Structure formats: C-alpha cells, structure tokens
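One chain follows as structure tokens, the form predicted on its own.
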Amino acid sequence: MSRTSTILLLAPAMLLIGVAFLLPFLLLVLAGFWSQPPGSWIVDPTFTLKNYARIATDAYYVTAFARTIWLSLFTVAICLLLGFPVARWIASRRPLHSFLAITMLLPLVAGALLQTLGLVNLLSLLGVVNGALKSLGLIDSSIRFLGTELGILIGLVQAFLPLMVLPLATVLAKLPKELEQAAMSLGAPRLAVWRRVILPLSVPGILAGSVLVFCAALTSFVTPQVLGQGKIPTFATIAYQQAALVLDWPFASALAVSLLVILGVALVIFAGIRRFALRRHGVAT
C-alpha cells in the first residue's frame, strides 16, 4: 500500500479526532487563561493568570486538592490490600479465569451512578450497614457515612476495585506454579515465598492496577458528589459546580486543566516508580 493511500485511509479518523477531541481540548486550555467578571456571563478573552493564581492561593481549593490526592492514594492502598487476595484466587482458578474476570467487570458495565445510588441505600443512617452493625451489637447509634470522606472512600474502593484485581490476576495467572513449589522445596516458608517470589514478580500488575485506580479516583465525579452530598468538595465536583452552577467557564476550565496536569505528574511519578521497582527486583522492562 502506497504512502498516499495510507494517508487517505487515515484522514477521516484523524479529522474526527481533531474535531471531536483536539479542538475542544485546545479551547479548554485557552479558556483557562481568560476571565469572567463577577456577576457577568461575558467572557473577557484577555490573557490572564488570575484563575490559576486563585487555585494556588485560595485555601478552599488547596484543601480540595489535598483531599482529592489523599482520597485517591487511600483508594489505591485499600484496593491493593483487598484486591491482591482476590486476584490470587482468580489466578488459581485457571479453567474459570475468563469467567471470573468477566464477572469482575460487570459492575463497571453497570456504571458508576447505579453503584453509587445502591451505596446510598446501604450506607444511610437507616441502611443495611448500620442495621447489621446494630444487630451484632457493635454500635449503639448509627454511623454517619453519607456526607463524609469515609463514605466517599468506601464508594471509590467499591467502584474501582476491579481495576486493581484484573491487572493483578492477569500477571499472577502467568506465573508458573513450579516457582512456589521450588521455593518451598528448598525450605522457604509461605510468607517468604510470597515476599521473595510472588510479590516481586507481581510488581507490573500492582503498578498497572495502581495507575488505573489512582487515575479513576482522581477524576471521579459521581461518587464524591452523591456520597459526599455536596459537603465534601473535590477537584472534579468543584469544576462541575463552576461550570454548571456558577457558569464561570474560564475558572472551570482552569480547574479542569489543573486536574489534567496533576494527572500527568502522577503518571510520570508512577512511571519512575515502575522503572525503579522493576530494576530493584530484576524484572525486565
């Protein structure tokens, strides 16, 4: 196939990407440097850094930024702790591996809104969780989950746990069983086998799942908005409020671009951690 034919075949797709993605993205970046006078819907296209200065200096937005980061990191940590045993179990059921992987994906297919609304019923003051804890005698009065950071964290873990389990299960399924048997035959206890053999070889899956969960939690909007009940602002919910309620599009654009920058920095950090971890454990990149 000639070069001209290749270009002609790719032209419609490239045009679609340019019109549907690149142009709106460039407009988003450009709008972040515009301004909108208070009480007015007229956008001033004069170049300014006021929006970014406001994000960096206002304690409200700095706190929301810190909250978004720590919620994302805690989500990664909890998903890893809960997901590793599940991934190990799925990987050990090789005939059912594909079926179990599809089962893990089903909650993602249903969408974040349905899952979050289900959690609202479970975590409410009169919900199933509080009712079960009271029946077991563990608590005397209902625990408030909704409208708290704890409730949001539970929702994020429930929503994005499959993103941690699937990469881990894929990596663990490829490990030969003979590795564990060989290590144990040499006198290594199970904990040492897990620490010296299984864990180093599962580093690619751990890092891949961590990146997926962190990015998803960082940019999540539905779960913090619904479970937080508008009381716990995160970067994504603030950007929505500024765009849909306040109608300050330049500031909302600056918030969105800031979130993308944070996401890019996080990906660079994860890439560095991945490179270091793989070299540390002698795994080929």
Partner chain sequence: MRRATNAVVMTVWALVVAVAYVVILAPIVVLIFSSFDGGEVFRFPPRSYSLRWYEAAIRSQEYRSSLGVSALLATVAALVSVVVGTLAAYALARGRFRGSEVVATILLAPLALPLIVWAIALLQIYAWLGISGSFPGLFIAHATITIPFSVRIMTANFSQLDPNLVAAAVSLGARPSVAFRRVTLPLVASGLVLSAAISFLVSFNDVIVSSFIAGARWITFPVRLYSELRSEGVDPITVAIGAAIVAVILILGLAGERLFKWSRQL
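For the two forms, the rigid core is made up of the largest set of C-alpha atoms that agree within 1.5 Å on superposition. Quantities reported herein were computed from a predicted structural model and do not represent experimental measurements. Residue numbers count along the first chain shown, from 1.
One more form of this protein exists, namely the form predicted in complex with its partner chain; it is left out here, but the text below deals with it.
**Q** Go through I143, L105, A77, A182 and name the one with a heavy atom inside 4.5 Å of its partner chain in the predicted bound form.
**A** Filtering the options by heavy-atom distance leaves L105.
**Q** Indicate whether the candidate residues Y52, A192 and F214 are all in contact with its partner chain in the predicted bound form, with contact defined as any heavy atom within 4.5 Å.
**A** Negative, none of the three is within 4.5 Å.
**Q** Using heavy atoms and a 4.5 Å limit, would one call P162 a contact residue for its partner chain in the predicted bound form?
**A** Residue-level check for P162: yes, a contact with its partner chain.
**Q** Closest heavy atom of L16 to its partner chain in the predicted bound form, within 4.5 Å or not?
**A** It does: once its partner chain is placed as it appears in the predicted bound form, L16 has a heavy atom within 4.5 Å of it.
**Q** Would you classify V265 as touching its partner chain in the predicted bound form, given a 4.5 Å non-hydrogen atom cut-off?
**A** Flag for V265 set to no.
**Q** Consider P200 of the chain shown here, and say whether it contacts its partner chain in the predicted bound form, taking contact as heavy atoms within 4.5 Å.
**A** No.
**Q** Within 88-116, which residues come within 4.5 Å of its partner chain in the predicted bound form, counting heavy atoms only?
**A** R88, W89, I90, R94, L100, A101, I102, T103, M104, L105, L106, P107, V109, A110, G111, L113, L114, Q115, in sequence order.
**Q** Superposed on the rigid core, does the Cα of F74 end up 2 angstroms or more away between this form and the one not shown?
**A** No, F74 moves less than 2 Å.
**Q** 2 Å or more on the CA of V129 between this form and the one not shown, with the rigid core superposed, yes or no?
**A** The answer is no, as the C-alpha of V129 shifts between this form and the one not shown by less than 2 Å after core alignment.
**Q** Tell me, please, whether between this form and the one not shown the C-alpha of V86 is shifted by 2 Å or more, with the rigid core used for superposition.
**A** Moves: no, less than 2 Å.
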